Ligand code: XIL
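One chain is shown next in structure tokens, namely the form predicted on its own.
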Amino acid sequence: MRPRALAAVFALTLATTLPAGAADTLRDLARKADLHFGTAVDVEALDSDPAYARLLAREFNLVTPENALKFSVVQPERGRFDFTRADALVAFAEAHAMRVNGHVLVWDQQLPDWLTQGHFSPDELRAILHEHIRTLVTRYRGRVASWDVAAEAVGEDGKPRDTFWSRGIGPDYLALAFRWAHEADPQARLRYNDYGGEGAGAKSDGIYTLVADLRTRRVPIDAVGLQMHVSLSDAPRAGDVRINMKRLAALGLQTDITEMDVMLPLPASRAALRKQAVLYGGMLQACLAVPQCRSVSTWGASDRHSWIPAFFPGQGAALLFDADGRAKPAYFGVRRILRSAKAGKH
């Protein structure tokens, strides 16, 4: 379906699923707290599952494409760009007054074979990456509010990760990527996004060192994304997350919780679901306590479209809504906290 046709369908969907005066959805409560509450979107499901589309429209005011803007999807052959899925998501977001976060310009995964199996010089790789970033960011200039410019460039030990881009271009590839993205859209908010560095520890310190260096060099970076893929047994302390956000804020950076999910052993027990709700609530409260925390996003809207079971067999039930779109204890806990949040906190 073409983007304009999709926009018309989605506008009708919203009109028929959001009754006048509905004010207790996550998106409405987040807006009153001056916060964006978002989710990652499976564009194929968006096109085929009307209930999924209705859930997205009702509860979220920020969307991130789960895969639609990743390198292998959007440029499967050198110089041939396919924006079909990304255009559909942007059309959906515009029809529902949602912000769009672009994801992801520079990452070591989901790269096409023509790129990883090619034999390119550093100058050629620089030109390829520059063209890729310029093409994507320019196409959505003024329509995509923020970009995950780079992701997962720091190892578990806090040192720079050895990646396809660092090997091919050199350590300056990150600074180049941010500068190229800024040139393509000076108004877009530019973010570094990573997992495992949300609280305290070597990786958190490594991410801090990386972004502090970029700030010192006047690289145009605006924010840090804390992914928050966790379980009940390995989640950071909410207090440590708050401290980490504050030290990033002291660098002049905003922060976001970008990809939160809390996986549980299946089938999920009532006790586990209650603990999951506490964990979601604690991280939201950490964000609300730091004015520079601008958004909270889950990595998927419902368990039906979660990535967890495929990658962690026996685990799942990680999101705010179950596979049938029913709200879970975590949803009601998050909603309760947002309802009590003071307007203008951010």
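Remember, predicted model here, so these are calculated numbers, not experimental data. So that there is no doubt, residue numbering starts at 1 and follows the sequence shown.
In what follows, reference is made to the form predicted in complex with the named molecule, a form of this protein that is not presented.
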{"property": "Of F83, Y208, W180, W107, the one that lies within 4.5 Å of the named molecule in the model of the complex (heavy atoms)", "result": "W107"}
{"property": "The named molecule: the contacting residue among R31, R58, K70, R304 in the model of the complex [heavy atom, 4.5 Å]", "result": "K70"}
{"property": "Among 171-179, 213-221, 239-247, 107-115, the region lying within 4.5 Å of the named molecule in the model of the complex by heavy atom distance", "result": "107-115"}
{"property": "4.5 Å heavy atom contact, E152 and the named molecule in the model of the complex", "result": "yes"}
{"property": "Contact test in the model of the complex: W299 vs the named molecule, heavy atoms, 4.5 Å", "result": "yes"}
{"property": "Partner proximity in the model of the complex: D185 to the named molecule, non-hydrogen atom cutoff 4.5 Å", "result": "no"}
{"property": "Residue contact check: H96 to the named molecule in the model of the complex, 4.5 Å heavy atom", "result": "no"}
{"property": "Within 4.5 Å of the named molecule in the model of the complex, all of H103, Q227 and F311 (non-hydrogen atom)", "result": "yes"}
{"property": "Residues of 124-140 having any heavy atom within 4.5 Å of the named molecule in the model of the complex, listed in sequence order", "result": "none"}
